[in-house]
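Shown below, as structure tokens, is a lone chain in the form predicted alone; questions about how it binds or moves come after it.
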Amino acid sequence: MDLLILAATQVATPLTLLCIVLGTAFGVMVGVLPGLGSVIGLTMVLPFTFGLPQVPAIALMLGVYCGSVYGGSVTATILNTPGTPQSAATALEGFPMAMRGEASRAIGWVTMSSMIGGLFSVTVLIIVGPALAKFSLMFTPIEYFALGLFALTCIAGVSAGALAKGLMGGALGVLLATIGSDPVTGALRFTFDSFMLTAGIGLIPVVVGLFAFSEMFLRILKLDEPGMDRTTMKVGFSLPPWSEWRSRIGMLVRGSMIGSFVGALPGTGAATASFIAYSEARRTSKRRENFGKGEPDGIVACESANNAVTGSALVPTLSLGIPGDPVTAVMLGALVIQGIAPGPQLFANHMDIVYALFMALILVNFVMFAVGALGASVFTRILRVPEPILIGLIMIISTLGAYGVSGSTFDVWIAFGAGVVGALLRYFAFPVAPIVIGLVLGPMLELSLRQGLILTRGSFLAFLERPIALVLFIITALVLLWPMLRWLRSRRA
């Protein structure tokens, strides 16, 4: 009890509360701008933490982290331009919902689901953090390969009606992920003697190109065509009634659990969790026929999952000192700078800091909800900008976002090239989300498969001897066979 009181007094200081509010608001702004993302946002505020006490510095970083994950879903919903890779899956249902005149309701679904997913992950962090960290240590490359293989099944979910095209897109994404240096031997592959390709194809430039640039290119072609008057389209903040939430509680909990589990595994991330949750929602929803047309089930699943990652990703970082992704790696560096050494001794020697972090994370999620609700009028002003000016602004901001990842003009060319390819694919009804899925999961799949084969001396059958991997393989097989089994059952009936 004394530790809780001490932690509460540390969080309740004016400086800490100010850091929470400013950090969350800045994070939402960073997430809204296409191409920036959590890592860049945290890097931008990192110098400001040097002169702050421990708790306010941690609160500032947590605010930027959570706010940026949520902010990317805002533009994904109203402009079909994901601000971050984590929000790419949200655009699949959020944007169609906005286009049929329910943008305010879509923002309500996004904001509430994000807050609940974030709070759920904090609960997981508080209750089962150390236990979940120990469980994550049981994951060898074999288990990571099985998890990545299961995650690939979501390609089928986002390619309904065009499965062959979706599989081709997923294969293209995995192929793009192999460009650069070999993760095991270091040999260069598919670089065509270009020094710029030795580092591979960046995820953010491709996401910016496939979604933001391709959307703008297609809009340029349709400027002279009659369509929805976006200047009269209003975006407010409208919470769906309890009657609509009641039937989606299971979807909300399932998405939060997926995000909490995936986030605790080093090297996965919110984008993976979001696509897995979307695939599960599409498979299990009673309203699966509405997917792709603006179904709230998909929004709830994606947003609860990608925001649940924010808390659970701190599990290996705090308990083991292992950063789960580039975002937590930056936060790990900030903790070390503040004189806090993450690892098993953190829970023994600095429990007051740990409890203060928990409380700050809870407050960040409530502030994030308030920023989303109060910022709805700002989103409306964005939509009232004339279409040609809006296209130009998004193109400029997206270009800066693609350039800001590594400060390389080559990434800008990658983004433009991905935009042209994405526009052509979308014109011919090819889904572009599978390309992102393949690019996200490709590196993990390749590295874990090759490391697993090294561990088993080239025997893939030995993968089935690992209980966790075997369970994941069985679940993957059931997901793939379920449509066929359902069809057979309907024919027998």
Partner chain sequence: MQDNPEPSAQAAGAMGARWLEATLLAGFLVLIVAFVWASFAEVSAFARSGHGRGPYFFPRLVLGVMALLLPFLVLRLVRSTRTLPERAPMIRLGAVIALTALYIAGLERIGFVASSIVYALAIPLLLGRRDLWLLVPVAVVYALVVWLLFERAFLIILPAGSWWS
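Numbering follows the first chain given and starts at 1. Remember, it's a predicted structure, so these values are computed and weren't measured experimentally.
There is another form of this protein, the form predicted together with its partner chain, and it is not shown here; the text below is about that form.
- In the model of the complex, its partner chain lies within 4.5 Å of some heavy atom of L33.
- Mapping the unseen interface onto this chain, T185 counts among the residues with a heavy atom inside 4.5 Å of its partner chain in the model of the complex.
- Of the heavy atoms in A433, none are within 4.5 Å of its partner chain in the model of the complex.
- Interface membership of T284, defined by any non-hydrogen atom within 4.5 Å of its partner chain in the model of the complex, is ruled out.
- Contact check at 4.5 Å (heavy atoms) against its partner chain in the model of the complex: all three of F26, I179 and I220 pass.
- Checked against its partner chain in the model of the complex, the residues M112, M359, V412, L203 give one hit for a heavy atom within 4.5 Å, which is V412.
- Out of the listed residues F416, F369, F120, Y355, F416 is the one that sits within 4.5 Å of its partner chain in the model of the complex by at least one heavy atom.
- Between 248-256, 92-100, 391-399, 71-79, the stretch whose residues reach within 4.5 angstroms of its partner chain in the model of the complex through a non-hydrogen atom is 391-399.
- In the model of the complex, F430, G442, L445, E446, L449, R450, L453, I454, R457, G458, F460 are the residues of 430-462 with at least one heavy atom within 4.5 Å of its partner chain, listed from first to last.
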